[in-house]
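Given next, in structure tokens, is a single chain: the form predicted alone.
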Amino acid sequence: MAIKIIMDSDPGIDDAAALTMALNDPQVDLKLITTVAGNVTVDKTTKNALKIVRFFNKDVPVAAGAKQPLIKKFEDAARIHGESGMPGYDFPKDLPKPINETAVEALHDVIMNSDGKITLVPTGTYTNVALLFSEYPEVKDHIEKIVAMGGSLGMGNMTSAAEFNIFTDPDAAKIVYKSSIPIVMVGLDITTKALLTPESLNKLEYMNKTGKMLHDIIIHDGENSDFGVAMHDVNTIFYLLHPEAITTKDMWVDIVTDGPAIGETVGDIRGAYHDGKTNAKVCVDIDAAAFNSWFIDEVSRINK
């Protein structure tokens, strides 16, 4: 049976790749895409989500969400993802429209009307999810787990301490990590190990239309290097489908919401605090070769 998921995203290059996998893998039943301000402004992330949906001619609703974090001033990542958030490819112009509901309304309705529990997959900042839990706490009982890209047990990529998604809205992340819902933290500890290699990237260009599209946007990633490029958000889908390729450790994770370490995810690695309680399954290692092989296989099977 396919895994029922909702993706809350801020496309973004790696979000686009994650959406590509979620829209096309038969083991994933993508019920809804919600968008949030993150890599670029929410009007752009929404347009980018619609571009991916239109590219694959999928009938998956897209709902626009939060324009800014709960408290903190908004800072985007256009320096990495470009001004549009997804440059490099000429997508169709006849895009569908987002649905009339807000992201929070759509999240509530899809979760509460599902015939089984939903897995939430946030790949952007967690503002929409935090607002959902604050306004409609009853949804928590209908969520299987949260598989969220974000955080790090070591060095960040936005500051020396903080990963971008958490840094962008640490107050939202704090609400999510206090929700008592099972959380899988898919952070920089694995996403910076499982780089899409130059060899894999070269294969994409000549594989099919999907490969060409992904290749053309990925090469515009501002963090692309001779060693490869991190497909951070794609690791959430890889975890859902191949958890055996990822090593996790149960621990308690706290979120820093002010000061010089704002946005840091502090993992109780030693189990020294919280009386042995844990609130997250933290991804700490990954089979990078398996990730690359899976990525290429996924794209090669897409009939476009």
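So that there is no doubt, residue numbering starts at 1 and follows the sequence shown. The model shown is predicted, which means the values in this text are computed figures rather than measured ones.
Here the subject shifts to the form predicted in complex with a small molecule, a form of this protein not shown in this document.
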Heavy atom contact within 4.5 Å of the small molecule in the predicted bound form, the stretch among 159-167, 136-144, 99-107, 194-202: 159-167
Any non-hydrogen atom of T123 within 4.5 angstroms of the small molecule in the predicted bound form: yes
In the predicted bound form, I190 touching the small molecule (heavy atom, 4.5 Å): no
Non-hydrogen atom contact A173 with the small molecule in the predicted bound form at 4.5 angstroms: no
Interface membership of T35, the small molecule in the predicted bound form, 4.5 Å heavy atom rule: no
